[in-house]
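First comes one chain, alone, set out as structure tokens in the form predicted alone.
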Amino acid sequence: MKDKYDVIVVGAGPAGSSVATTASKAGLDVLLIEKRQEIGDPVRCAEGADKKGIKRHIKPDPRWIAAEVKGSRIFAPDGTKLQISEELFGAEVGYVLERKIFDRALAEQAVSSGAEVIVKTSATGLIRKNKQVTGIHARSIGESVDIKAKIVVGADGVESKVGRFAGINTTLAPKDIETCAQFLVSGIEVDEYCQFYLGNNIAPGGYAWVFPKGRGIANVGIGVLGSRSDKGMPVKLLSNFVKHHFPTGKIIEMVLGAVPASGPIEKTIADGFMLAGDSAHQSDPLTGGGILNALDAGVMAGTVAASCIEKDDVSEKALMEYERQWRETIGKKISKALVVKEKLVTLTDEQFNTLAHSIKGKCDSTMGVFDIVRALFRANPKLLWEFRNLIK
């Protein structure tokens, strides 16, 4: 590891690897660090992602594609089912990934593009000159080191520490976070559809999911709104869900985590500094999915970093181009999803059932998520008045 780079990226998830690949391809000298000793482990994700979106960033590889799905089914509390095709569901359906292998493949792509990747290395602080970030204090395999850079990118996940080091408030209120638990369950029968279960008895302020991985294996998980979750609640609710739906299933792995469900963060840049991915709260507040948003934001951040370094201007004003780009694209989608999420978390199970009944038989393979939102509004304008601006 050298003592100076053009760009240091903290966190080797999808956002971090995307930044590193993009910046390296632009000719920059890039260091990508990961605090854990293995990239991609532990997995804190249902592992679903849209095929077209993935193909924009990396060539599909059977090593990290666990299954391909045909679409999704959404179940109301009383069992009423809505079915949506894979092409139209959104960014969380298409491939079910092996994230441990997928994240490593993204890091390998960054290395192939010219980046240097070092694991078991964590940022412990930021180096500054006046107000500008000029590098990081780090601990690498037990040793303290200082590494300089023209730009530092924080891609270190929910409530990013390096974001806070830079003076950006990355903390989340309980109402803006989903606390999640997921089991890898074997010995069960699941078809080629992702399944989502709504209901306050199942997952208060969230939902349960089943993502097939082939060979009688599936990711079965649950997300609960932080403001409604007690310690241990997600695991207890998930255990009950699995016992009810998959009584013969065997749990062979468990992961716990949290995802932002907050809408766009107030700020993602400072002098010599950017945030990307979950650290920038760029995940979908409705579904919790964030892989594609992270990859897309990483490309934007890497491209802007290269442009600013070429112009020898890494000020907050210059980096504002990144802020503009992601807010005009990812940010707009997040804002719309937040409107839906904030209404849905207030609904009773009876209201969920009413909504499902109102469009049962009217959903077809041509309808995407926001087509269904529009149909729900037209059938229930008084109940869903907050959705009125989403039907345009």
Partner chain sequence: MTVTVNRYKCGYCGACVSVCPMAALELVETWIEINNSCNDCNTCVNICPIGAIESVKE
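Residue numbers count along the first chain shown, from 1. Keep in mind that what you see is a predicted model, and the values were worked out from it rather than measured.
There is another form of this protein, the form predicted together with the partner chain, and it is not shown here; the text below is about that form.
- Under a 4.5 angstroms non-hydrogen atom cutoff, the partner chain in the predicted bound form lacks Pro77 among its neighbouring residues.
- Taking the partner from elsewhere, Asp230 is found to have a heavy atom lying within 4.5 Å of the partner chain in the predicted bound form.
- When contacts are judged by a 4.5 Å heavy atom cut-off, Glu116 does not count as touching the partner chain in the predicted bound form.
- For Cys180, a non-hydrogen atom is located within 4.5 Å of the partner chain in the predicted bound form, even though that partner is not displayed.
- The stretch in contact with the partner chain in the predicted bound form, judged by heavy atoms within 4.5 Å, is 154 to 162, chosen from 128 to 136, 200 to 208, 154 to 162, 300 to 308.
- Within 4.5 Å of the partner chain in the predicted bound form, a heavy atom is found for none of Gly94, Gly289 and His357.
- The single contact residue among Val145, Leu256, Val111, Ile252, judged by any heavy atom lying within 4.5 Å of the partner chain in the predicted bound form, is Leu256.
- With the partner omitted here, the residue from Gln83, Ser186, Ser239, Thr171 that has a non-hydrogen atom within 4.5 angstroms of the partner chain in the predicted bound form is Thr171.
- For the stretch 189 to 215, the set of residues having any non-hydrogen atom within 4.5 angstroms of the partner chain in the predicted bound form is empty.
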